[in-house]
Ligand SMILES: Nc1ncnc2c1ncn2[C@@H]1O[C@H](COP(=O)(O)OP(=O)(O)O)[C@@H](O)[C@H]1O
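Read the single chain below, which is given as structure tokens and is the form predicted on its own.
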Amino acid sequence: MTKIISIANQKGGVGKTTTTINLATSLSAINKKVLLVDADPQGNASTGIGIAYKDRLPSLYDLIVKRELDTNSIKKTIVPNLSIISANTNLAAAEVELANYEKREFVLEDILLNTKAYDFILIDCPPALGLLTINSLVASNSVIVPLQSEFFALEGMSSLVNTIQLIKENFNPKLNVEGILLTMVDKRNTLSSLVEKDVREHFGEIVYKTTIPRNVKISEAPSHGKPAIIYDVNCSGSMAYIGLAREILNKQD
């Protein structure tokens, strides 16, 4: 059974794309077959995994327009076992296209039904609760919410939780929160520790034990078109994402 996980938070800059790329790479490294779906018009996941802009056709936008999978859209990456459906700036128009469709919430689900057997499909959602994110959540079994370890961390979480609940009630009863992931954690910073304590008290067991530290190598890796785990496997950020993959797999057992 393929497990489809959306990585979503309508707040930008919380580490969604970084988490998608490095979690996908970590799972691939332990022989899981993974498909990454770049559902963000900025296309940062495609860039961060080394897919040149000219090589992104057919993109996710083309699949949405045709409402069907074109296997040529699935590209191999530099990571063994990891493939990607890329995004380019055309995807920004998908919100308008989708608005006119019948059963518009199910377009991505219908496309992914035709993908060949993967262990995991990870969807990098845009930083908004629009139709692309809704399509991603309807297609998914679960959602991982990256949460930046900062003062405004919990602001906006209620909107996302409400959206997940509405999708669960109306479109996708199997959807659940896979986990909340604290990102950009600085253990030297008192505020960071207070935010972590607050989030754990508020959400309990669904907060991952693994946290992602602030780390220079994680920030540098995308500019080289590589996941941090390939750029520097021994850095603290890479080790944290490997730990996250292990924690997710242990929860499946």
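Residue numbers here begin at 1 and follow the sequence given. Values in this document were obtained by computation on a predicted structure and should not be read as measured data.
There is another form of the same protein, the form predicted together with the named molecule; it is not shown, and what comes next is about it.
For the options Gly225, Pro213, Gly43, Pro58, the one in contact with the named molecule in the predicted bound form, meaning a heavy atom within 4.5 Å, is Pro213. Within 4.5 Å of any heavy atom of the named molecule in the predicted bound form lies no heavy atom of Thr25. Taking the partner from elsewhere, Gly13 is found to have a heavy atom lying within 4.5 Å of the named molecule in the predicted bound form. Although the partner is absent here, Ile218 is a contact residue: one of its heavy atoms lies within 4.5 angstroms of the named molecule in the predicted bound form.
Using a 4.5 angstroms limit between non-hydrogen atoms, Met184 touches the named molecule in the predicted bound form.
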